[in-house]
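Given as structure tokens, the chain that follows is alone and in the form predicted on its own.
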Amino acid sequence: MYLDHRVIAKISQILSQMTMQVMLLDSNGQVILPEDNKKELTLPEQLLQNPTQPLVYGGYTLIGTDNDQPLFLCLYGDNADVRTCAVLCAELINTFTRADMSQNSIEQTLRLVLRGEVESAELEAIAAEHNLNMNQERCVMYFHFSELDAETAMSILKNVVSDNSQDLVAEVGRHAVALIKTIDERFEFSEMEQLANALQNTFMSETSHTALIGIGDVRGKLSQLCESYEEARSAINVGRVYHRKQNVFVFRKMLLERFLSNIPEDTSNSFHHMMFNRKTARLFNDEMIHTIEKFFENSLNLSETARQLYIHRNTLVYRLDKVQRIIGLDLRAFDDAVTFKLMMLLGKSSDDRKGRI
């Protein structure tokens, strides 16, 4: 269950009235409250199977708020009074959160749509309630912040899109926001990347923080927005592995990277190590890798690469000749350059297959 900042603030008020130590956790064991607690606990399997029954575990009393997508309370102590308090508090939070969700606010509706949690019949009803066009070309732009909170990001984005009522914004995580952009005859999809960069500049100027931004493909139906949402998240997860210096990632432009990310890790490592191993470690030092990457960035243009590296053209040629002598690939030839690029990317694909947003 996702809780936006307003709900978290109200639950925090409830918990602040308690005299005993208490934490609120999500279904993954990550602490939601207190907000300055960054712990992640492993929830016992017995609790996950029967959330609403209080469980004493390691000197603490644990209980879930309900059986369907529960939140979990962790109270210090294991006596009867603590258990009674845990049950009452869990029921109070459950009643409060369910009442909040039943209000069907536009933002809550958008969250459900983006996660694909709305049945078609129900979707038509809530779309009519909020005057949402069921058939309209839209795409999702997903913003993930490492430090900036979603509430601040929401206020900035709402100011940017306030002059266009067809664009919608929803808080989708404690540090994540989604912009649902309407694509009409006046707006081309190619402008999405320009918009993302402009918004990035806005965040930087107003908060000194940047975001990782993913852009999903266009969908023509409201019910398909969840696909664009997942594509936008996937674009970030894949893009930050292969393009670590970038922070805007377009799903449709990352076909090769998506293909490589689906290759099994052992296969990726096997092919990568054919070229990058102990025998070639001295050749492929940081300077050589930087030279090669800059050469590829400049489409194999010797003169432009040498200019940007502040070296003589002959120095660059010497380095590329050295690579050719040792591994047999002439990076000035397109086919050899592609081969080398793929082997290098396979190493990146095996570096970071976790920590996804």
Partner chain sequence: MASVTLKNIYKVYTGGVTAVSDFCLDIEDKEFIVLVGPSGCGKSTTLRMVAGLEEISDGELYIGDKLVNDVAPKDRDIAMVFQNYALYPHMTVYDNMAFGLKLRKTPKAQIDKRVKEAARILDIEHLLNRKPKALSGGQRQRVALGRAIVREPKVFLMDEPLSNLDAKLRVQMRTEITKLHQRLQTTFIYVTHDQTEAMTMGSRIVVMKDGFIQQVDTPQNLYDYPTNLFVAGFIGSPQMNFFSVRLTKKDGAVYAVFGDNEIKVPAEKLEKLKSDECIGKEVYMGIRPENINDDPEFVQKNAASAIKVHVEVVELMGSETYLYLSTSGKDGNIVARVDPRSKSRTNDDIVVAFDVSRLHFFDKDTETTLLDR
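These numbers come from a predicted model, not from an experiment. Numbering follows the first chain given and starts at 1.
Below: the form predicted together with the partner chain, not depicted.
Here the chain stands by itself, but in the model of the complex one stretch of 274 to 282, 220 to 228, 197 to 205, 169 to 177, 197 to 205, has heavy atoms within 4.5 Å of the partner chain. Contact with the partner chain in the model of the complex, defined as a heavy atom within 4.5 Å, holds for exactly one of Val160, Leu260, Ile106, Ile183, namely Val160. Checked against the partner chain in the model of the complex, the candidates Glu117, Glu122, Glu287, Glu188 yield a single residue with a heavy atom inside 4.5 Å, and that residue is Glu188. Proximity of Asn314 to the partner chain in the model of the complex falls within the 4.5 Å heavy atom cutoff.
In the model of the complex, the partner chain lies within 4.5 Å of some heavy atom of Arg307.
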